[in-house]
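Shown below, as structure tokens, is a lone chain in the form predicted on its own; questions about how it binds or moves come after it.
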């Protein structure tokens, strides 16, 4: 069963927008991380995510067929046209908050990319295979940091529990199915988000147990990314990210 162009375009935007917005958030740590090693590691994570963004958004532009490439889709859209998860918009907070956000996303992305390697669209499968190598390293690092800080001092434990509690309401959105997801799944291009929950739970629960952190009782299924409804956080991100293109339209460097 084939998927129509508009549906595939919308779905690819979701993948590219997730990594684009998160890469910008992570890059905000450059020069501000608690130690040099973490500064370098976070900068490298941001670069990996930007590279993944370029692949997803270039493919989205190809599918759209209107001559827009990754740069045009990243810099020349308004906030309501973005399809990212609300989780990746959330402010960095302290270092522990950033790493908890990264871990929750990394666990989800690893499960998703592993499934996308089996996509009926070879272009999607090829991108997923390449991105998964980076995502696996990101997960190893963020998981280890969450465990070390959660099972560390009283101060670090309290901060990690606070971060988990604050971010948990944004988890549910990752596993919501809508008409786009169902069309993509029917065509074999990608999985239904709801089918990723069990494996994600396994990864997260095991890490939280090692970190001696209490998993919140329930999560509220946010729907912002799939409806184009975002928080003021995305507006702040785009104001920074798109400033030069908006100040000097069409300029090149």
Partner chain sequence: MYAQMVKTARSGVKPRDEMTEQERAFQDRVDANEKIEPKDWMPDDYRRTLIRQIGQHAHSEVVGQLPEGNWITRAPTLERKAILLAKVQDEAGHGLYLYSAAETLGVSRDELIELLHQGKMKYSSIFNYPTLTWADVGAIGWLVDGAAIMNQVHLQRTSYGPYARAMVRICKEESFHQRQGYDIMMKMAFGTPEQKAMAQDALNRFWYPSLMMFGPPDQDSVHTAQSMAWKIKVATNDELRQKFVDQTVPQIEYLGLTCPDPDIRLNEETGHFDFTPPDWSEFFAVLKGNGPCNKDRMKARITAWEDGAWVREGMLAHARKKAAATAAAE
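Positions refer to the first chain, counted from 1. Here the structure is a predicted model, which is why all the values come from computation and not from measurement.
Beyond the structure shown, there is the form predicted together with its partner chain, which is absent from this document and is the topic of what follows.
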Note to self: Can you tell me whether residue 28 touches its partner chain? I mean in the model of the complex, with a 4.5 angstroms heavy atom cut-off.
What the structure shows: yes
Note to self: Does any part of residue 217 reach within 4.5 Å of its partner chain in the model of the complex? Heavy atoms only, please.
What the structure shows: no
Note to self: Within 4.5 Å, heavy atoms only: does residue 59 come near its partner chain in the model of the complex?
What the structure shows: no
Margin query: I'd like to check something about residue 131: if you look in the model of the complex, is any of its heavy atoms closer than or equal to 4.5 Å to a heavy atom of its partner chain?
Written below: no
Notebook entry, point to check: Each of 2, 13 and 113 near its partner chain in the model of the complex, meaning some heavy atom within 4.5 Å?
Noted result: no
Notebook entry, point to check: Quick one: which of 166 to 174, 120 to 128, 93 to 101, 80 to 88 gets within 4.5 Å of its partner chain in the model of the complex, going by heavy atoms?
Noted result: 93 to 101
Checklist line | Contact residue in the model of the complex, from 201, 186, 38, 64 (heavy atom within 4.5 Å of its partner chain) | finding: 38
Check: From first to last in sequence, which residues of 69 to 104 have any non-hydrogen atom within 4.5 angstroms of its partner chain in the model of the complex?
Finding: 70, 71, 74, 75, 94, 95, 96
